[in-house]
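Next comes just one chain, in structure tokens: the form predicted on its own.
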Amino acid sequence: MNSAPMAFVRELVRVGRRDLTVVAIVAGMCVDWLAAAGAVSRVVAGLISFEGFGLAPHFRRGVESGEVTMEEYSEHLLICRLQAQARRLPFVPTVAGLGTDVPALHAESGALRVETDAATGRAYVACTPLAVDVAVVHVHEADVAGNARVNPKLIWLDSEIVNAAERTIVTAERIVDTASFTAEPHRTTYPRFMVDAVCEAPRGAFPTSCFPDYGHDNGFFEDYLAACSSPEAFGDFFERRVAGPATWADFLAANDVQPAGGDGGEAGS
């Protein structure tokens, strides 16, 4: 619900991408758009939902029908796999998952292994590396060199994927002067050597939030779920208010949203 790279995801839908594998520790609307468009075939995640609004309907339907494969982990087990990849380790150990059925789900692939420490006799779960080709994150500010900043510095989940990825694409609410980064380097979330491309996308997380600039849009979530009452109603909604508008600015206008952030409240719908 917070700072999903929705502008980037909408372009994936618009250009007709197919057979994507999505890695997301926790996600919602962005994955549902991809599932609705037939763009995703495999999801590696801890949770895909609309949180207080309920389940993500098209993702759920895709998994139930077999069109989408769900590779499920707890949040911590998935984070450990990403950390193993980032640190180039054969595995990262954790006791998370012991006593559950989750390690057994991955016994054949070897992604998770229950092992015993030879020195102490204690069991642990060995989380093997998870390769990520491209990380896409949305931030408040970036410069043309690739420095990026989240205000405040909320990096718990996104940073794990960025650290593990071969390349990183940043979408930003606004492009600022590099001087603002050199003046306060401690506020930099992702330095330029970690970033491969920057795209300006005002309100680029809509309809999710980009706290504290704006909150998630209750109205959009409610309208989206109401449109799921029938394939026809949803097809019309998705074309008018998601995939159809030619530009990101047109998309915002179709949803009665002003591009400029900073009001601290919910976006209009």
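The numbering used is simple: start at 1 and walk along the sequence shown. Owing to the predicted nature of the structure, the values given are computational and were not obtained by experimental measurement.
Heads up, the form predicted in complex with another copy of the chain isn't pictured, but that's what we're talking about next.
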Practice prompt. Verify the contact flag for Arg174: yes if a non-hydrogen atom of it lies within 4.5 Å of a non-hydrogen atom of another copy of the chain in the predicted complex, no if not.
Written response: no
Discussion item. Please tell me whether any heavy atom belonging to Leu89 falls inside 4.5 Å of a heavy atom of another copy of the chain, as the geometry stands in the predicted complex.
Written reply: yes
Worksheet item: Are any of the heavy atoms in Ser109 no more than 4.5 Å from a heavy atom of another copy of the chain in the predicted complex?
Response: no
Worksheet item: Does Val95 make contact with another copy of the chain in the predicted complex, using a 4.5 Å heavy atom cut-off?
Response: yes
Worksheet item: What residues of 115 to 147, in sequence order, lie within 4.5 Å of another copy of the chain in the predicted complex by heavy atom?
Response: Asp117, Ala119, Thr120, Arg122, Tyr124
